[in-house]
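The data below hold one chain only, encoded as structure tokens and taken in the form predicted on its own.
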Amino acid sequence: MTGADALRPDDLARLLRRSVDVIRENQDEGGAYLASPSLPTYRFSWFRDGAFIADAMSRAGQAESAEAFFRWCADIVIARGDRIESLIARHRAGEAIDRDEHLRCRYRPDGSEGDMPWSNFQLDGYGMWIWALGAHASRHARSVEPFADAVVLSARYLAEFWDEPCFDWWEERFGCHTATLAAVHAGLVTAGELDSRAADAAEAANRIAATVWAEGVVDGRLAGELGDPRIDASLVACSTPFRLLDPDEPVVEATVRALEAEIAHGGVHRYPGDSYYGGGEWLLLAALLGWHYAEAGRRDDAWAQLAWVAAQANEAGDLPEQVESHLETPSALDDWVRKWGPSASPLLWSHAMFVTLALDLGLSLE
């Protein structure tokens, strides 16, 4: 598939089916979704990526796949229950906690923690998996009872540490990130709806919303970090899908206009000046923006985003993490290729976001 203008409905439907197959083929028997089979550093499962992937599979009618991932998440959380309780007790006692003592953002498929140095402390995924579980349960009228203890434990962890600095979606910046707060907020709201034992969830969610309005809005739009006006494509998630803000909020509309002016032109960069693999255009972000366009009533723009993503597929129908046709920092590309090899392809998160946008626009897997 080459060239968005050359794509036909059959091409999109074929890529939709292929995307579901890619995800299924790269789901471990224990439920974990490998981020990408092609890049050694991505042969892990992230709570963040996995939540979006499970949500896409749920939308595609692959309920067993989604629930296998939720079981994997729940098992990891339950296995670290004593650790979570200790962290909460120490925090309430005023003890300093090193960021490496917190829960990890990614795990091996067997649930073990890798020993490779990584930006491990990220809260977003622990909110996202609860959000995805709640959406799945509602969509398919499924019981959350098998996951309830893990939901409550995750919510207690998030309610305690939501205002602690951690790494952002991109595992680069350490601070209090607006998109992270939106993900945590979504998880806490969902936890409160799923289980009455998540007593602290609603209060913490309200505090997050108040904090974002007070410190996460700069010059009429969302800021990438509390008090920091930098623009970041992950901010779209504050509205779509996490609903910290509604799609028609003026603050959201101003944020999207800023993204369109600086880093979105079909493909979407993570942020201005990105240097990871040269700072290319990310397919999952292009689809995320398209999903927001669809929710905001900009259907033609949403279809354009879908077509752009589909046009990046290779002959096998694999979608990469990013493409190199429009780099923010071209001089950095070769250094990353020498360090880790070619960038990830296929990336399951890219396929998942294509599935989500395609189904939202009415394409069918039939």
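All residue numbers are counted from 1 along the displayed sequence. All values derive from a computational prediction rather than experimental measurement.
There is another form of this protein, the form predicted in complex with ligand BGC, and it is not shown here; the text below is about that form.
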item: One residue of Trp291, Phe242, Trp169, Tyr107 in contact with ligand BGC, assessed in the model of the complex (non-hydrogen atom, 4.5 angstroms); value: Trp169
item: Option touching ligand BGC, based on a heavy atom within 4.5 Å in the model of the complex, out of Asp318, Glu328, Glu67, Glu321; value: Glu321
item: Candidate stretches 54-62, 306-314, 22-30, 35-43 - the one whose heavy atoms come within 4.5 Å of ligand BGC in the model of the complex; value: 35-43
item: Close approach of Trp349 to ligand BGC in the model of the complex, 4.5 Å, heavy atom; value: yes
item: Trp282, heavy atom within 4.5 angstroms of ligand BGC in the model of the complex; value: yes
item: 4.5 Å heavy atom contact, His102 and ligand BGC in the model of the complex; value: no
item: Non-hydrogen atom contact Phe161 with ligand BGC in the model of the complex at 4.5 angstroms; value: no
item: Those residues of 265-283 which, in the model of the complex, come within 4.5 Å of ligand BGC by heavy atom; value: Arg270, Tyr276, Trp282
